[in-house]
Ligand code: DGJ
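One chain comes next, on its own, written as structure tokens: the form predicted alone.
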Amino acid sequence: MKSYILFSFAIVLASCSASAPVIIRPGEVWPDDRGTHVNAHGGGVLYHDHTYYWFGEHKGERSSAAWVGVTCYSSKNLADWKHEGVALQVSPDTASDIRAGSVIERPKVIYNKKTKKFVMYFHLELFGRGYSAARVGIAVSDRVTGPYTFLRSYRPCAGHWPLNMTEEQRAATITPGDFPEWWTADWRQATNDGMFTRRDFEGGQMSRDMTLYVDDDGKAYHIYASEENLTLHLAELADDYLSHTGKYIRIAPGGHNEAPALFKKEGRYFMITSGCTGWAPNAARLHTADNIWGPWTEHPNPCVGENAHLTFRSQSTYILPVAGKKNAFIFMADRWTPYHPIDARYIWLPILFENGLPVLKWYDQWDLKEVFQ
């Protein structure tokens, strides 16, 4: 009888836990298991072996530079997060590309089922060079929480032309130096026609704000702001995810997009981006395609309601599919605080759909289980 009572009590506890709400409070302090605000900015989430892993930039009280590295947190329910430590540490070696004080932004981790390796990509700016390097950094680990070993950094797709750039555009001879000022009609047309792509052809394309996406067939893609943040590139990764194949396209040439976040629903691709206004928020943009190689179509801002024109005072970083829920996606964004970087808040909102397109509405708080029934 005693064993039966204990067994019944365990079932009741499990039932209560399963039905407990999972509350997300956008814009609030998000304490981890230590009671400290989660420090994983510009991040992404990997779901692996029934656990979510959140990777992001470690920011300081006064600096957004990488003085620590990329942090990792784990969760079973997306609300309660355990601090797993620093997944990728900056290097004490001043000759290293990821030396302390460099810029490491928007880290994303994907898992390669063939190699059984965890692969991290991030936007890297070299120490003391501002934002002129515009590189992608790559690191790898045998364990999801790390430590990750830094492999290399470079500009992607050197010596390769975009699939959707015409022979006429490739052969054109107009250069940025031909224009005494930017933003004129002729300059815009030259930009749209690949002026900056040609400039960077030999050395590789600029790579700043970025995300990673693994498709249903296991193919992985690196999506990044390129061409002086004027055009997005979507590039295929090698089978081991450790390099680029050289196959890529330009998306929204001259559209001035950054902060890409991509997901797929019922065979259609959706990408939310932002404009380029530094640390200040702006209106989100929505792009769709029936094939990942395009063509991509731009749609109006998916946000509605108060502060929709500022993406609720945030900027996109990742779209998170909710495990075990069909067509359930969470929009992850950051509300930047450049004068106190460590206090930057997280804006997580459910992606709703109206007329086949994503819609983002503000919630002071929401229950993941209630919204995604």
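All residue numbers refer to positions in the sequence shown, first residue = 1. What you are looking at is a predicted structure, and each value in this text was computed from that prediction instead of being measured.
Same protein, other form: the form predicted together with this ligand, not shown, and the subject of what follows.
Listed stretches are 211-219, 242-250, 149-157, 103-111; the contact stretch with this ligand in the predicted complex is 103-111, by a heavy atom cutoff of 4.5 Å. The putative spot formed by 164, 227 and 293 is not touched by this ligand in the predicted complex; no residue has a non-hydrogen atom within 4.5 angstroms of it. Only one of 267, 130, 278, 92 lies close to this ligand in the predicted complex, with a heavy atom inside 4.5 Å, and it is 278. By the criterion of a heavy atom within 4.5 Å, residue 315 is counted among the residues contacting this ligand in the predicted complex.
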